[in-house]
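This document contains two forms of one protein chain, each encoded as structure tokens and listed individually as structure 1 and structure 2.
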Structure 1
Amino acid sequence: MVAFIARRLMISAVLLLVGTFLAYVLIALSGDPLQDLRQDTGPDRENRIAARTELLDLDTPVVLRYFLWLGGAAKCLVPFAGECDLGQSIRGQDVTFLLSGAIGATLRLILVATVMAVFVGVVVGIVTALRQYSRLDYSATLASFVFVSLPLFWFAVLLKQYIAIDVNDWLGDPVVTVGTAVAVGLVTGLAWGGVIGGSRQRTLVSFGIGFVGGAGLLLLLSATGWFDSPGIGPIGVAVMALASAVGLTALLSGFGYRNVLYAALVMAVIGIVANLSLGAVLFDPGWWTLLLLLLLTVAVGVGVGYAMGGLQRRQAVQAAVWTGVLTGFAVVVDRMLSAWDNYAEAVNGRVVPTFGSETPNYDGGFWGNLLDSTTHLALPTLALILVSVATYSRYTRASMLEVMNQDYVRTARSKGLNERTVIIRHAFRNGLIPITTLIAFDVAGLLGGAVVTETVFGWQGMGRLFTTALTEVDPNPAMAFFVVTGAAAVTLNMLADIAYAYLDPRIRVS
């Protein structure tokens, strides 16, 4: 494995070297960085041309200029090689500083979209594979083809119009009509009936439950004024914690093993008590405080699962840890929504923004700023998710259908293992191999494709940095964009190759 990793590192370095050379030459020959100065009629034109020529080494041949640039850029990729130096922009700004600000905004967008798209896409893919040729399968296939065919820029504009603008207008007087509730109930009923499936009677019962639940909940929230000042509250957190414990137990082991259920429920109770007792700590925390609480939650979950798991200790630990994490997530959402009124007042009720990555000059404390960042992430993340989910769900479905016909899956069933164990522990792990490759390509592709998303939604990220550099024929910021996307592509593909051996023991690394 060590030799394989070393070999992959060398190949990746060569690929990155060749790619950066070609990109640098093409960018350098794409235009004249001095064009705007040559058209200047001011008295100091020659001095300004000479200063920019010296700043960008324009009097040096392109090939030699590339190696001068490479000497500073290599320090960004090689640990402890020295201070990272990506050169200067045509305005004399340090490109490393420009990139550090832009990459944070882009990574925040890309990581959230990728994690959610992978989770939703894999779940949909597994369910549709298990329900092959059902109404749910056909519906998911149709939706996938529709979303994957939509141009991202056009879809993003639709979201701005029909989600952001219309929702903001509705929030001025958030009253749900009976017709709207019925329409939402029909959608939830059809979705619930499709997921549950089974006989016609079972499908109709599921549809009825979904319809009543969706329409009734919407009317209840409207009647209680929840949309004016949304929140979860301690009761909501408790319900979500207990529901997480029950759901995770059903997923990981089933209800035949009571020890797993008891461990998850104990962890849920610990989370409920912690939410009520840590009010002072969570009043205005920081990211390090939340990280410390997350680590403490994992440690307590491991301890509870290990102590109560018995023969099912592994499943108990997993159920307890994930119950604690999901409970913590519910607490974070509840605290974030507590800043809703202050935030809505600061943005004049337009709580679904359509432009930028943050509200200028807004400081609502930790929870208010987190709510601000979340609302700005909503539309661009939704655009990226709906396009990516289609791909992940189709690949997962195809991979699971192929894996479930393999001999070792039939052998697992013949041994008497329940279907949950066969799917989760045998089929799903090997079915993840194509998804691993897809994730590696998708993250790198999303980094490169951030140009379109950031342009539509006005994010000051790497996409804006790249388009501005191309417009102004500014080579160094454009190369900074290419270095990040190129390094991400080769690194993620190398990690995907390494992950193959872990996911499938049949793969041997020579």
Structure 2
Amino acid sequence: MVAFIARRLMISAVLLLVGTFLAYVLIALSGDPLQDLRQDTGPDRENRIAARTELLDLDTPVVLRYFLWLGGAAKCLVPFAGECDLGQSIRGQDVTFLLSGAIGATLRLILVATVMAVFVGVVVGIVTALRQYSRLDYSATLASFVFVSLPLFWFAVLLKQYIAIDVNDWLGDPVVTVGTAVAVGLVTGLAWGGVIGGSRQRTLVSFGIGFVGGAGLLLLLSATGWFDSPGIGPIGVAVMALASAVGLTALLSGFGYRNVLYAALVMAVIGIVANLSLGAVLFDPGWWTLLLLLLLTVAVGVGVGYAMGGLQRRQAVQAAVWTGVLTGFAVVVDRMLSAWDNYAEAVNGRVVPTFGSETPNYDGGFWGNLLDSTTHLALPTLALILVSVATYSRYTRASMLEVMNQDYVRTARSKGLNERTVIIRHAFRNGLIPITTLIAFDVAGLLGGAVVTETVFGWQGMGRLFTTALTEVDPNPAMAFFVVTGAAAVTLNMLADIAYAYLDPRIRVS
């Protein structure tokens, strides 16, 4: 393993070095960095050209300039020396500084998107695999192909128009018409019918429940003026907590042996009580407080599950912990939405923004700011998710189908295990192994590849840094981008290989 890592690192370093040279030369020769000044007739023309020539060292041959750059960049490898010098941009700003800002923005943008895309993709993949060749499967396949082939810039325009501008207009007078409700009801009904599956009668019943649930909920919310000031409220939190408890139990152990259910329910009740009693802690917390509460939740969950699990202690711990986490999430969403009115007033009712990462000069306390970040993340995250869900769901589906036909799954079935145990315990985990590799590739790609998303939604991330540098023929920021994304790709690929070997003992790295 060590030899493998050492060899990989060495090869990667050489590759990266050659890559930087090529990239530098290509970028430096890709255009004329003085272009904009050449068209200027003002009296400042000559001095500005001279200043930029000096700043970017344009009189030095490109190859020599590369080595000068390399000399500065090499200092970045010395840890804690603080002498990192990635040069200056065409506007005279420190590239190291620009880079740190860009990485921060990109990470914020892709973190949530990646997590959600993986989650949704895996769920859709498993469901479609289990309902292979059903209408749901075909619809999901069609949808993934549509989304994966949509040009992002165009898709972004649609999102801005329909999810931002139109929704904001609608929020001015939020009334759901019967037609809309019926349409939404049809969609939810079809989805439920497809997911539940089974006999014709069962499908029809699921469809009916989905239809009435979707359309009815919408009309109810509209009639009660919920959309004027959305929220969950303590009752909503309680319902969600109990529902998570029941749902997770059903998923993890079933209701045969009740201890797991009890553990989960106790956890839900603790969550509900905590929600009612922690008002002051949650009034204006910080990230550290929330993290502490999360750890506390996990600890309580472990305790409850351990204490009440009985024979199925492991499942009980899992169910209790996840119930706690989901309840906590509901509480967070509830609190966040409590800042809705305040936030809506600050942005003149235009709640869904089309660009940027924050409302300038808005300070709504922790929850208001969280809501602000969330609404700003909404469109770009949606765009990124829809595009990458396709890959994840297709891979998961294929991998699940393959695993489901393996001998050990048949063995598990023949031992008389119920379908849930077969899927969750035996098939699901093994089916996920290829996805780890995919995630590693995807994160590396997203680090540098959210160019269009960043441009369209006004995020000054890595992609934007690179495109701006390229249009201005500004090698230094472009090189910073190249080094970071190149290094990330190399490292993450290596991690993927190691993880793969770890997860699948049949594979050896050597």
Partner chain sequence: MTTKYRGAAFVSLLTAGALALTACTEGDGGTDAPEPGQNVATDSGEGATGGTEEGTQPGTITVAVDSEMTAYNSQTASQNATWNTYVENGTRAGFWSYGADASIVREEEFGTYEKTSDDPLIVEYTINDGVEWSDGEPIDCDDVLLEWASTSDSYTDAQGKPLFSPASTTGMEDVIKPDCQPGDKKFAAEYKQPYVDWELTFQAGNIPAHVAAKEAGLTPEELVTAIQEDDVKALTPVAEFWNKGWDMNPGKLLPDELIPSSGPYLLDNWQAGQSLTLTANPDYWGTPPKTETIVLRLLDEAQTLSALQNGEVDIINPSNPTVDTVATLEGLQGQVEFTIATDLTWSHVDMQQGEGRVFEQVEVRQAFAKCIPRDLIVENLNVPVNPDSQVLDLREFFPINEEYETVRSEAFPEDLYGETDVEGAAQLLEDAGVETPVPVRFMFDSENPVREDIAAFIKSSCDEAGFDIQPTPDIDWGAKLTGAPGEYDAVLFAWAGSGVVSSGAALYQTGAGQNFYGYSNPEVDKLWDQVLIEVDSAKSVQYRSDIESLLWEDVFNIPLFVGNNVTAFSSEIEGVENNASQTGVTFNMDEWSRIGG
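Throughout, residue numbering runs from 1 along the sequence of structure 1. These figures come from a predicted structure and were not determined experimentally. Between two forms, the rigid core is the largest collection of C-alphas that superpose within 1.5 Å.
Peer 1: Go through 1 and 2 and tell me the one that is the form predicted together with its partner chain.
Peer 2: The chain shown as structure 2 is the form predicted together with its partner chain.
Peer 1: How about residue 325 - superposed on the rigid core, does its CA move between structures 1 and 2 by 2 Å or more?
Peer 2: False for residue 325: its C-alpha shift is below 2 Å.
Peer 1: After the core is matched up, is the C-alpha of residue 248 off by 2 Å or more between structures 1 and 2?
Peer 2: No, residue 248 moves less than 2 Å.
Peer 1: Is residue 72 one of the residues whose C-alpha moves 2 Å or more between structures 1 and 2 after the core fit?
Peer 2: Yes.
Peer 1: Give me the C-alpha shift of residue 39 between structures 1 and 2, core superposed, in Å.
Peer 2: Core-aligned C-alpha shift comes out at 8.2 Å.
Peer 1: Superpose the two forms on the rigid core, then give the C-alpha shift of residue 51 between structures 1 and 2 in Å.
Peer 2: Comparing the two forms, residue 51 shifts 7.3 Å at C-alpha.
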